[in-house]
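Below you'll find only one chain, the form predicted on its own, shown as structure tokens.
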Amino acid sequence: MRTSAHSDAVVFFGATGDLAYKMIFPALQGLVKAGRLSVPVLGVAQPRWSDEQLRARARDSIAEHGGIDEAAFAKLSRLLRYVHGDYNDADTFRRLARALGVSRRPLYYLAIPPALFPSTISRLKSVPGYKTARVVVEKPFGRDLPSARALNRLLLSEFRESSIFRIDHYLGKEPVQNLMYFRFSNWFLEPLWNRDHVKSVQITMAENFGVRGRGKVYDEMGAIRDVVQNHMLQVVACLAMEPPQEFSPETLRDEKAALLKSIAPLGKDDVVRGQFRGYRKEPGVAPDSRVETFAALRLRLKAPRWKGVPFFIRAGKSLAATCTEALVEFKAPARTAFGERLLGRGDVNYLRFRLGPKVAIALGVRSKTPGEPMMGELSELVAVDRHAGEMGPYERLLGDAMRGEAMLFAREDSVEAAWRVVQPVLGDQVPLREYDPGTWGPSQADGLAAPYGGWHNPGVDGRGAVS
């Protein structure tokens, strides 16, 4: 939703942090290169850096994460300024006000730990332009439903909902947008996209590596908080929500929220948690950690369109492949017109969305095998998206936030609805099972999907190689 004019400055708190180094600086260069950023960019952090030190940090960041475009970086350097200080110190915000100068519609990006939000947000009131500012907050939006509600109360006590942008970078990814576009732009799907024709839906987010030095951070979250509550449930919403009556940001977000609210809270029998052997030896991980590195879930949607259709989610680290994929499997008749019995997964129609590392949309269809008998086999019709120069998610989302475009950002009701789904199984409510690295997780997860033909393992059962 476009709430007002374009932001006339960008202020990102946490300018010396990891998120800024890996994501924000490369996104800023991309915006400059695309002609979408020409306003002052102020980095705020505690170290007593100079403007030149911030520019050097930005150059190192971009060189490592995407590559320097000398012309674009020169323009970005001229926009960059640095403000040092403690977020609890009023002097920091007086320096920020002076650095903003005549800017009156800043975009504040809180790339800082949530514990620092209260002091930072309360002191922003002292900076001119506060009432017309926008604020971007990074996931996780709380640790559970009560903390998410508390965070939303804090944000809404100082900003309007239309000025709050909860950034989940997954929503800015081209493959996720492609999934939603494909679904609503190919109307032949609509008559089939319901419980009468769909047997089950599976979403797998697999990584063949561990926590890669993020042991301390990951051990405070686990798979359900890290990717299921946000990324995976957003993919479910894109797949299952009702078609919006009109294409507008709020209508689209209304339908997403309605779908998330229709998901029944998880029961203990709906979830299998796992931890790969060796996780507790990772730096920063507690030696007796009970945090899951794998989660498999069975969702029950109460929406009339999907009543009785199971949605399965599986996400984990140190699995057999690195791949994110959604598979919509259709029901099959007991017998075809040619007398064939379609008995198993290798026989039935499906639609497969590969979301990463490569992008593909594939339709599983039956075609006749060579020879005299009227017999068939399953083949794939594949459309692969290989667009060069794809815009990165942070570049897209930061540009949208500066324009006040809210479509790709999570709204308060959606965030709380997603937490409500996972709240009953957070922490150590469900037994933790060990699994060997390089497998598809603990064997107990197989039982969840067994009544529907078992799990689809991307690239293993003939449906798209993982590379």
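Numbering starts at 1 and runs along the sequence shown. Every value quoted in this text rests on a predicted model; they were computed, and no experiment measured them.
Beyond the structure shown, there is the form predicted together with 6-O-phosphono-beta-D-glucopyranose (BG6), which is absent from this document and is the topic of what follows.
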- Item | 4.5 Å heavy atom contact with 6-O-phosphono-beta-D-glucopyranose (BG6) in the predicted complex for all of Leu28, Arg55 and Glu64 | no
- Message: Is Phe330 part of the interface with 6-O-phosphono-beta-D-glucopyranose (BG6) in the predicted complex - any heavy atom within 4.5 Å?
- Response: no
- Message: Given that 6-O-phosphono-beta-D-glucopyranose (BG6) is not shown alongside this chain, does Glu395 nevertheless sit within 4.5 Å of it in the predicted complex, heavy atom to heavy atom?
- Response: no
- Item | Exercise: His231 in contact with 6-O-phosphono-beta-D-glucopyranose (BG6) in the predicted complex, heavy atom 4.5 Å | yes
- Query: in the predicted complex, does Tyr170 have a heavy atom within 4.5 Å of 6-O-phosphono-beta-D-glucopyranose (BG6)?
  - Reply: yes
- Item | Answer range among 289-297, 146-154, 263-271, 220-228 for contact with 6-O-phosphono-beta-D-glucopyranose (BG6), defined in the predicted complex as heavy atoms within 4.5 Å | 220-228
- Listed residue (Arg352, Arg166, Lys317, Arg314) with a non-hydrogen atom within 4.5 angstroms of 6-O-phosphono-beta-D-glucopyranose (BG6) in the predicted complex: Lys317
- Message: If the cut-off is 4.5 angstroms on heavy atoms, which of these, Glu207, Glu255, Glu174, Glu158, is the one near 6-O-phosphono-beta-D-glucopyranose (BG6) in the predicted complex?
- Response: Glu207
- Across 133-153, the residues having a non-hydrogen atom within 4.5 Å of 6-O-phosphono-beta-D-glucopyranose (BG6) in the predicted complex turn out to be Lys139
